[in-house]
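A single chain, nothing else alongside it, follows as structure tokens in the form predicted alone.
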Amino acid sequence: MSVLLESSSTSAAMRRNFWAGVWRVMKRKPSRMVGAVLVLGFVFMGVFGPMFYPAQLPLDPTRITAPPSWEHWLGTDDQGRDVIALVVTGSRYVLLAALVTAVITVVVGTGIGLFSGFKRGRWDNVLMRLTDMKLTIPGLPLLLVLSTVWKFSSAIQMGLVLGLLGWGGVARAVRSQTLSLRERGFIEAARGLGLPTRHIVGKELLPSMAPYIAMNMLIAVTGGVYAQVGLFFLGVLPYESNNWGQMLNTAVFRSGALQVPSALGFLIGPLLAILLLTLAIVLVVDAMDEIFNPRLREE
């Protein structure tokens, strides 16, 4: 009983020390706190933001592509709808698709990379040849072909396709990390004890690579945002739902935001959202790098 209590108290102390270290790293550079707040803000906007607006935003034919004002801080679109309302309601599709993209990219890439790097031999050759074949497939032309038969009306569908097209780089990177870790002493000791592969990979290798995988997941979120926004901006996907890419396409090609000064806010709205999201993720990744790498911590 005393052993269990001691183990529990030790685990609690380790958790407290970890979160105390996280807090110190975040406080060291205020920009990291800004990044964390921005990420939480985008999560809140994607989950709860659309609830503050009606399903069909009100139209105002008298204020088409109106410039910014006290009533409409970033102006209105070509139908008289508030640009900020469009950014908020369009965030759910973009962020959900990006999250699904990141999860699939990291899960598939990590699974293949871990198994390939740990097993080596025949399995390594087969899986890496498949990965190389995947990396040689041009993503944009394939997406253009798929868009002719698939409407991507669901954010999950979009994320699924982007994730299945983006795991190759993660698999290669994780395999390299696994090849390095498998020669470490604690892995050799686990193999010497006759522990099963599932235990070694799940309990020894994976926790050691968790920080690297988490950072790759955040980076994959930005990649998912860029990919889907680019497709909608190019006009190769139908406007089944409001999102930032559709806003950019409409602002440039239908409202003439590059030539009409009054419509500039319609273009700035989604661009500002993408910029702030990217900045937030970069700042959080910078903090995570120092949190999980003691060598980078400043004295």
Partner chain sequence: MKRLAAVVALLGLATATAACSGGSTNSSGGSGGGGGLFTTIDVLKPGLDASGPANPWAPKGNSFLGYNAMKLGWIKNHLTDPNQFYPGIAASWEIAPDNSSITLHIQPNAKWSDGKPVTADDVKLSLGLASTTGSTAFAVTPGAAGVASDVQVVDQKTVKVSQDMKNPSMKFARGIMDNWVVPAHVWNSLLPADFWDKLKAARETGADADKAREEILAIGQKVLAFAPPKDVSAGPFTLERVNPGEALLVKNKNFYNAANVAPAQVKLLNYNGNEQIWNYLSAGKLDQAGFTAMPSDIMTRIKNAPGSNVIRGFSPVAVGMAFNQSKKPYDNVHVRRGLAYLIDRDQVTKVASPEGGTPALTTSGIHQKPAQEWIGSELASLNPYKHDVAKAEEEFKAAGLKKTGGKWTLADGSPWKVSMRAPATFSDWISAEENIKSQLIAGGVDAEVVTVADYPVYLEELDAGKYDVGFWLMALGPAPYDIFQRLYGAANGWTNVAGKVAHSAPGKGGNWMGSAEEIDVEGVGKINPGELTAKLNAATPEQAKPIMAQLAKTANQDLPAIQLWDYVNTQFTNTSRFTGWPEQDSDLLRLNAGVWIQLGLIKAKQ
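Small disclaimer: the values here were computed from a predicted structure and weren't measured. Numbering follows the first chain given and starts at 1.
Although not depicted, the form predicted together with the partner chain is the subject of the following passage.
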| item | value |
| --- | --- |
| Interface stretch in the predicted bound form with the partner chain - options 51-59, 266-274, 23-31, 38-46, non-hydrogen atom within 4.5 Å | 51-59 |
| Among the candidates Q79, Q157, T197, Q177, the residue which, in the predicted bound form, approaches the partner chain to within 4.5 Å (heavy atoms) | Q79 |
| Residue among R184, R191, K151, R120 with a heavy atom within 4.5 Å of the partner chain in the predicted bound form | K151 |
| Contact test in the predicted bound form: L248 vs the partner chain, heavy atoms, 4.5 Å | no |
| Residue contact check: P68 to the partner chain in the predicted bound form, 4.5 Å heavy atom | no |
| The partner chain in the predicted bound form - contacting residues of 254-271, heavy atom within 4.5 Å | R254, S255, G256, Q259, V260, S262 |
